[in-house]
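For reference, the chain that follows is the form predicted on its own, supplied as C-alpha cells.
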C-alpha cells in the first residue's frame, strides 16, 4: 500500500528517502519551523506546568493584590507577571491554563476527527441514499455558525470541562466528514481497492484496511487546524461563563476577570490574551505547513 504523504510504501528505501525530503522541506520552511517550535513550546509548558509554576494558581494573598509585572515600579520577583485582584500569581495561572487549552483542543479534535472520519467513510463507501442523507446533514451543520451551535448546546447541558470537550468534539465532525467522503470516493476507484472488492472484502475491511490509511494526511491537516479553532471556542465560552468553571484556571476566565481592571491593571487580561494568540498562531502556522506538504488540495 502506498503512503499518501510520500507516494511510496513504508519501510522501503524509497519511503525513507521521501521522509528525508520532507524533513528538508520542513527545515527550509520558516513557517513550518516557527509553527513547530511554538506548538512544541506550548505542549512542553503544559506537560511541565507543575514543575514550572512558581505558585499555587488558586492561592489567595490579599496583601499582594494587583502587584504589577517585575519590570514595573512595585513589581515583585516572586511574581514575574504580577498578581490579580485576589493576589493570585498571574504567571502560574497562565501556565496552568495552558494545560486546559491543550487538553480541550486535542481531545475535541480527536473526537470530531474520529466521528467525522467514520461518517465520511460510510458516505463514500455506501453511496446512494446513505451518501445523500449524510451529505445533507453535513451541509446543515456547516450552515450553522459553529460558535452559536456550541453556545446553544452548552447552554442546555450546562457548563463543565467534560461537557465542553464532548460538545466541541461532536459539533466539529461535519468538516471532517465532508473531506473524508471526498477522499473515500477517490480512493475506492483505485485498482487495489477494486481488486479487494473482487476478492470479496467487506466494506468494513475496505474502509479500515485500504481507504482510511490513505486519508491520514487529510485527517492530520484538518485536526491540526481544528485545534486552533477549538482553543478559540473554549476561550470564548469561558469568557462568557459557559465554559470551564472556577476554580479550574482557563485563559478565557482570566481575561473575563481582568476586563474590569484594564485601565489600572492591564496585565490581568493582556498576558493571557498573548498566551492565546501565541498558541493559536503556532497551531495555524504548523497547520498551514502540513497542508502544503501533505495535502495541497486542501489549500485550493
Partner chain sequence: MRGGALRPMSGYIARRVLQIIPVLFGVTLIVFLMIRLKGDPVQQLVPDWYSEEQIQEVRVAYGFDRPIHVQYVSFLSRAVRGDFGRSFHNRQPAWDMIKKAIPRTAQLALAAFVLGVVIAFPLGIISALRRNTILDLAVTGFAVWGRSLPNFWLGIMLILVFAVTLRWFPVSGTGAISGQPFLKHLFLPAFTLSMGLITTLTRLIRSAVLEVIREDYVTTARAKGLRERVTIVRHVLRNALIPVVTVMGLQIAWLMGGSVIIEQVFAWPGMGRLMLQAIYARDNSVVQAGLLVTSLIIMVSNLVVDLLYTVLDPRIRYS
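Not measured: the values here are computed from a predicted model. Numbering follows the first chain given and starts at 1.
There is another form of the same protein, the form predicted in complex with its partner chain; it is not shown, and what comes next is about it.
Considering its partner chain in the model of the complex, the lone stretch of 92 to 100, 214 to 222, 150 to 158, 72 to 80 in range is 150 to 158 [heavy atom distance within 4.5 Å].
Interface residue remark: residue 235 is counted as part of the site for its partner chain in the model of the complex, having a heavy atom within 4.5 Å. The closest non-hydrogen atom of residue 26 lies beyond 4.5 Å of its partner chain in the model of the complex. In the model of the complex, residue 289 stays away from its partner chain, with no heavy atom inside 4.5 Å. Shown alone here, residue 68 lies farther than 4.5 Å from its partner chain in the model of the complex, counting heavy atoms only. The partner is not shown here, but in the model of the complex the stretch 131 to 145 reaches within 4.5 angstroms of its partner chain through a heavy atom at 136, 139, 140, 141, 143, 144, 145.
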